[in-house]
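Only one chain comes next, encoded as structure tokens, the form predicted alone.
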Amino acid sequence: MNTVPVAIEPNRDEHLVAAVESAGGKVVGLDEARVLVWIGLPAEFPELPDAVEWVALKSAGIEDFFTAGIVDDRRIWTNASGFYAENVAEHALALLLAGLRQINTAVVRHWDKERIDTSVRSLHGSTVAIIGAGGIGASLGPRLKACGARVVAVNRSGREVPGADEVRRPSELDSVWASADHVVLAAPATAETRHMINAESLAALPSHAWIVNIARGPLVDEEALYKALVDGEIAGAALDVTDPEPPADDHPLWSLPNVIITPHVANPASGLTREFAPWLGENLRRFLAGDELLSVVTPERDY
């Protein structure tokens, strides 16, 4: 059987080693490799030998690799887009339900029935917009539908999304804000998506809206978000990502009762390589067979 020499750097994670070997690869040093599986930071990224044909990155968001000028057009690059979708979609739904059902308030205020009772809302019958509806959107849409929500998916391609009642393009966001009850952000961080949640988009949302961000912190103008929350322009925000991370101890969002912040755990780092391993194995099998790889990075799109 043909084998492919694969380097796993900067350390040989046991889950990834097992995936490589089960798919017909052989774990070697970087100087012998045709494939590099990189699980470190951009700042530690090594000089690549010419023999490396494919670099597999463990993260879905690889903006820092582009910023550092690491991604080139001399070889294939893949990220982990869609590989962690089930985890992240589950967390997004949990955050949205926690806010709507006032779980966060009950944890802090205990049996404050009058305040909590009058603030509880139902996901059933509401319209939820998923912005950046790729792999996460495909996993989240059916979950939202199971709860009785109507789903509007926004993506660049216009392709259908499982569970979505309609699909819109980013050029239609103004009408999306006006028609959505709640928003889940699942878009990459690019120049176009930076601060897509801003004073204007917040003002367009209804006062009962919750915003959930499980994507990237820079998608939200946090100063504008804070003002909208204090002024009652929207009902609440649930953030698994912030800009920067972590927020400063005195960040004003910590003080608001209608904000839920989780420490970037929608896809826990402690289990990341275990989740990544089967996808790496599948891509390595495709590489051996000469088939198209999953989650190939397009350099001109910066993600």
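Just count from 1 along the sequence shown to find any residue number. Please read all numbers here as calculations on a predicted model, not as lab measurements.
Only in words, not in the display: the form predicted in complex with a further copy of the same chain, which the text now covers.
Non-hydrogen atom within 4.5 angstroms of a further copy of the same chain in the predicted complex for each of 167, 195 and 213: Checked in the predicted complex: no contact with a further copy of the same chain for any of the three.
Please run the contact check for residue 159 against a further copy of the same chain in the predicted complex: heavy atoms, 4.5 angstroms, yes or no? It does not: once a further copy of the same chain is placed as it appears in the predicted complex, residue 159 has no heavy atom within 4.5 Å of it.
Going by a heavy atom distance of 4.5 Å, is residue 40 a contact of a further copy of the same chain in the predicted complex? No, residue 40 sits far enough from a further copy of the same chain in the predicted complex that none of its heavy atoms falls within 4.5 Å.
Taking a further copy of the same chain as it sits in the predicted complex, is residue 107 near enough to touch it, meaning that at least one heavy atom pair lies within 4.5 angstroms? Yes, residue 107 is a contact residue.
Exercise: residue 181 in contact with a further copy of the same chain in the predicted complex, heavy atom 4.5 Å: No.
In the predicted complex, the residue from 90, 172, 223, 231 that sits within 4.5 Å of a further copy of the same chain by heavy atoms: When a further copy of the same chain is considered in the predicted complex, the option within 4.5 Å is 90.
Heavy atom within 4.5 Å of a further copy of the same chain in the predicted complex - residue from 242, 258, 59, 273: For this set of options, the contacting one is 242.
One stretch from 116-124, 150-158, 200-208, 74-82 that, in the predicted complex, holds residues within 4.5 Å of a further copy of the same chain by heavy atom: Contact-bearing stretch, as computed: 116-124.
Can you list, in sequence order, the residues from 80-102 that come within 4.5 Å of a further copy of the same chain in the predicted complex, counting heavy atoms only? Heavy-atom contacts within 4.5 Å come from 86, 87, 90, 91, 93, 94, 95, 97, 98, 101.
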